[in-house]
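As structure tokens, one chain now follows by itself in the form predicted on its own.
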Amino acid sequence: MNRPLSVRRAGLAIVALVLSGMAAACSSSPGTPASGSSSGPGSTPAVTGTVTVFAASSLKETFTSIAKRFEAAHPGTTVVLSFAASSALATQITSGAPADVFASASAKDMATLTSAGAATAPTTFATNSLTVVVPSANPAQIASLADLARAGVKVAQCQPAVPCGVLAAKVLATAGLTVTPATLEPDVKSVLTKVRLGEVDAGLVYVTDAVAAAGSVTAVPMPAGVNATTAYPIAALSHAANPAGARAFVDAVVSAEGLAVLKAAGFGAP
């Protein structure tokens, strides 16, 4: 007995609908989010919110530039930068200071965090070395590293525990020079400020700081075979409040674009 045409059409429509649903189900593998979904196994978390970065003072100019590029690439993010001596920042982090990323001017200070479980798998992203800087007028007529040992010359250095202070001690020992600093500063930017203001005759700072302050200070070349180099490691912190943001910022620093910013500022390759 033949069924009415309307009934047959309804049945065919139901079959087509069922087949369509089965095809859609087969086209998606298990664990794949539906179209329009922004989360699920294997997906990359969206980068939003605040990313707090603790970084060595010598990274101020470059990280400020990288942070601006990062915020532009990730709308809705804010990078909060805190600069100080690497040793001081490491102490703050191990004492509970909230931060997502640590960038150090010393492998030793990064090791303090990895040993404490506060950071894992740091990546070296740059190197730096020292130079002598003098005020633009150079009133003490400093022409070489050896001139820092002259009687009456006022020299600014970083404190002994600070990476730039450790490097300065190493350079002077290698050169066989005894220099009694007029002042020991908490970080390299403070040394640079003393020189810029003419409060001292010379200072030992990183090459990159001399580049950043060109025009207000003059760099004096270091003798060959005397200078020393420090490595800069960076890591996302284990207890980061914004782990996705921390990883993304580290990636931005070690990217081709980030390394180009560092190179232009005078940093050496890792």
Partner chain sequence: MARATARDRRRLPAALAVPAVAGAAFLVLPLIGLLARAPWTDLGSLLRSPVVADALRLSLFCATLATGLSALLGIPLAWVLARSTSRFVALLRALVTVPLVLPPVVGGVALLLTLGRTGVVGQYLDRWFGISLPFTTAGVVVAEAFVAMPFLVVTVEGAFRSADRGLEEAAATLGASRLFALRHVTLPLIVPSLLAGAVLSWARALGEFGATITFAGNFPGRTQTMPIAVYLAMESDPGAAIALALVLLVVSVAVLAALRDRWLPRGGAV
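Numbering follows the first chain given and starts at 1. None of the values given here were measured: they were computed from a predicted structure.
Quick note: we don't show the form predicted together with its partner chain, though the next part is all about it.
Of the heavy atoms in residue 199, some are within 4.5 Å of its partner chain in the model of the complex.
Although the partner is absent from this view, residue 185 contacts its partner chain in the model of the complex, with a non-hydrogen atom inside 4.5 angstroms. Its partner chain in the model of the complex is approached by residue 180, whose closest heavy atom lies within 4.5 angstroms of it. By the criterion of a heavy atom within 4.5 Å, residue 139 is counted among the residues contacting its partner chain in the model of the complex. This chain is displayed alone, yet in the model of the complex one of 77, 91, 123, 127 has a heavy atom within 4.5 Å of its partner chain; that residue is 91. The partner is absent here, but in the model of the complex a heavy atom of 162, alone among 162, 105, 119, 133, sits within 4.5 Å of its partner chain. With the partner left out here, its partner chain still marks one of 170-178, 67-75, 81-89, 143-151 in the model of the complex; by a 4.5 Å heavy atom cut-off that stretch is 81-89.
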